[in-house]
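Take a look at this single chain, the form predicted alone, given in structure tokens.
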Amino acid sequence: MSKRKINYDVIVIGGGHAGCEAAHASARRGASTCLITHSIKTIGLMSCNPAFGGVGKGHLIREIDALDGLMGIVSDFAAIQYRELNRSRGPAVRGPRVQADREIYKAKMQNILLNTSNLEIIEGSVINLIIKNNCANGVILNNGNEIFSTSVVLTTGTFLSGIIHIGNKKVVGGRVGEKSETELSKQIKNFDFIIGRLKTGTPPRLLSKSINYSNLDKQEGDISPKFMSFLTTKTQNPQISCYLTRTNINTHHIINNNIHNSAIYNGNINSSGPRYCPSIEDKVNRFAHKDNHQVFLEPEGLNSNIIYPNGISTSLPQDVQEKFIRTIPGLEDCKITQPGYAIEYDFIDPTQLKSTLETKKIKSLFFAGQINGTTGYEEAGAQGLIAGVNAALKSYKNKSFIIDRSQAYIGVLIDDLIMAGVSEPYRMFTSRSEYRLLLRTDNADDRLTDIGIRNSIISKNRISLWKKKKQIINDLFDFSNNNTITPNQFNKYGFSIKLNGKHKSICDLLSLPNINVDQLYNIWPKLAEFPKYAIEQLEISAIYSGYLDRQLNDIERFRKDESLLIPEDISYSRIGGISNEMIEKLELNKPRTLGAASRIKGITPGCLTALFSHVKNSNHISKF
């Protein structure tokens, strides 16, 4: 291709999960969008485990889907096993999860993006950003082409100065068989961004036919699957089983004897890895009292002979990997098709970002995904969607698209990143949200789809389906609130509730212990006419009714704090009663609201009280 200049509204760099969501979100918002990737063939590649979702992560996928993103639809299209985690626990902490066929997922994602209006995909490597007047205006490719735009979204994953470690062996690369981005990493450092190093890892891949499954625990999928997308109505592929095995004392003995050869322990890697997804070396070292650890054998696809052994991520030398793996039941004769490895890469301190994921230092430059210090497909995809929409809005000079932490786990994720930063790869858990009774997987569309409609990022088909669904749910709630019965009449059906004489609605009855909708069909046959998803919403709302009211009050207080603006010219050193440490934290983060100040790591209640009093007494309080 000869040198030429091209213009778009938005450029997205990188075809991983963040890049796919960013490009699609930007294009469906109406912006002319260019996705630049090393190879179209690797778009949508699952570089780590062949699965999506789970607790926290499944919440993110449902929210991406509610905003018309791709991950839910495509993972359903590629799903070969469904399992809802925490199924026996409350609705707030249940997480849908799928095993996905790698090739089907990748092909489907590529097909969607290649046929998306307003989106062009270019193969190439970005070597420079075009920055003018402290604003991102485009990129320069390795072939000399200059591509101009109003906004640039950087979604480079683990590719910024990526180094792969296997024992003492080092290979420069962002993924096995793919080169890292070193020139782009140098340029970002030249812009004086605060840069750090993180690491993540992956286990060896195993040949399925070399595994003895006969004595292993089979893990079947759910008979009635919970789909990742609200649009999915049936499974697309044959459903298969996974298997469970465990490490043992012999496994740990080999690992301990060779731990000095692990890149994580021999000094080759000094950066932090994911605490909640540690390597097998970390597990053996940190949990020395345990004599076994679970290993989930996950098929990589319907036509694949490769197994992903989830739970034994490692950077030990390949010969040591072979030794310890063959001590694991079922894997005594297994063959490794690709050794496990650790990868170390550059990330930027996410406290340098706004809520839109635009950088504070350079206008119209957005970062999304692992470059912001997160780990996981779902966290990356959520950031990509938000960055893509905001990059598109930038080209129209429209207002920002911001989801706050009371509305979605997407908001929790971004708020945590930009306010607290990261010291290790960030992973989403339901425990990170103070409003988790409201932020459930079952109601993600109720929370977010109307917001998406108002911001013009929802397709006509989804709008039509959502409006019908919402009307059905509203009709059910109206019916359940308007139909009542006295305790005496109700007890004639075989129940035993207090005879206080007050009429009780269907919602009132469902809030009582040991009463469910199935028991009420004989009294109100019309209930059976409503679909399962509506009944589920009714039951959850009734069960959680008192708690939800309290959380709604908490959210109201949150909204008040978020609406109280701190003036940009405030001098924190003039606030009486706060320490130098607090002043430094406030100066560094420059919170825009009192709510944002409260979420700065280490800020004390006393400091917040003094800050509020100072702003109030200075007559500086204003609202959004």
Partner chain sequence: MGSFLKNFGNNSTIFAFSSGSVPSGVGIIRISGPLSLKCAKIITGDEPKKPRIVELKNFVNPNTNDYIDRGLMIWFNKPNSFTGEDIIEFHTHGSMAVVDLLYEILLSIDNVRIAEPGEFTRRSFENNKLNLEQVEGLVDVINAETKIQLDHANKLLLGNLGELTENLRVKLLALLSEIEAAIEFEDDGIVLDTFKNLNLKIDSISEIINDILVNYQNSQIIRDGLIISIIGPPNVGKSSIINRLTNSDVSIITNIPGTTRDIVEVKLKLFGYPVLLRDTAGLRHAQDVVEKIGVEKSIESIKQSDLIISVTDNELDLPIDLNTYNITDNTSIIEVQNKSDLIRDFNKNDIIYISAKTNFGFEKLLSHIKIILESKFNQTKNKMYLISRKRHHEIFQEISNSLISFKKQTELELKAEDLRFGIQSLGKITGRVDVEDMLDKLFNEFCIGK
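Between two forms, the rigid core is the largest collection of C-alphas that superpose within 1.5 Å. Computed from a predicted model, the values in this text were never measured in an experiment. Residue numbers count along the first chain shown, from 1.
Beyond the structure shown, there is the form predicted together with its partner chain, which is absent from this document and is the topic of what follows.
- Heavy atoms within 4.5 Å of its partner chain in the model of the complex belong, among the stretches 470-478, 112-120, 367-375, 491-499, to residues of 470-478.
- Proximity of residue 415 to its partner chain in the model of the complex falls outside the 4.5 Å heavy atom cutoff.
- Though the partner is left out of this view, residue 434 does reach within 4.5 Å of its partner chain in the model of the complex, counting heavy atoms only.
- Of the heavy atoms in residue 427, some are within 4.5 Å of its partner chain in the model of the complex.
- When its partner chain is considered in the model of the complex, residue 97 lines it closely, a heavy atom lying within 4.5 Å.
- Out of the listed residues 532, 454, 290, 209, 290 is the one that sits within 4.5 Å of its partner chain in the model of the complex by at least one heavy atom.
- A single residue from the set 542, 129, 448, 163 has any heavy atom within 4.5 angstroms of its partner chain in the model of the complex; that residue is 542.
- In the core-superposed comparison between the shown form and the other one, residue 558 has its Cα shifted by less than 2 Å.
- Here residue 104 does not count as shifted, since its C-alpha moves by less than 2 Å between the shown form and the other one after the core is aligned.
- Superposition on the rigid core between the shown form and the other one places the CA atom of residue 238 less than 2 Å from its counterpart.
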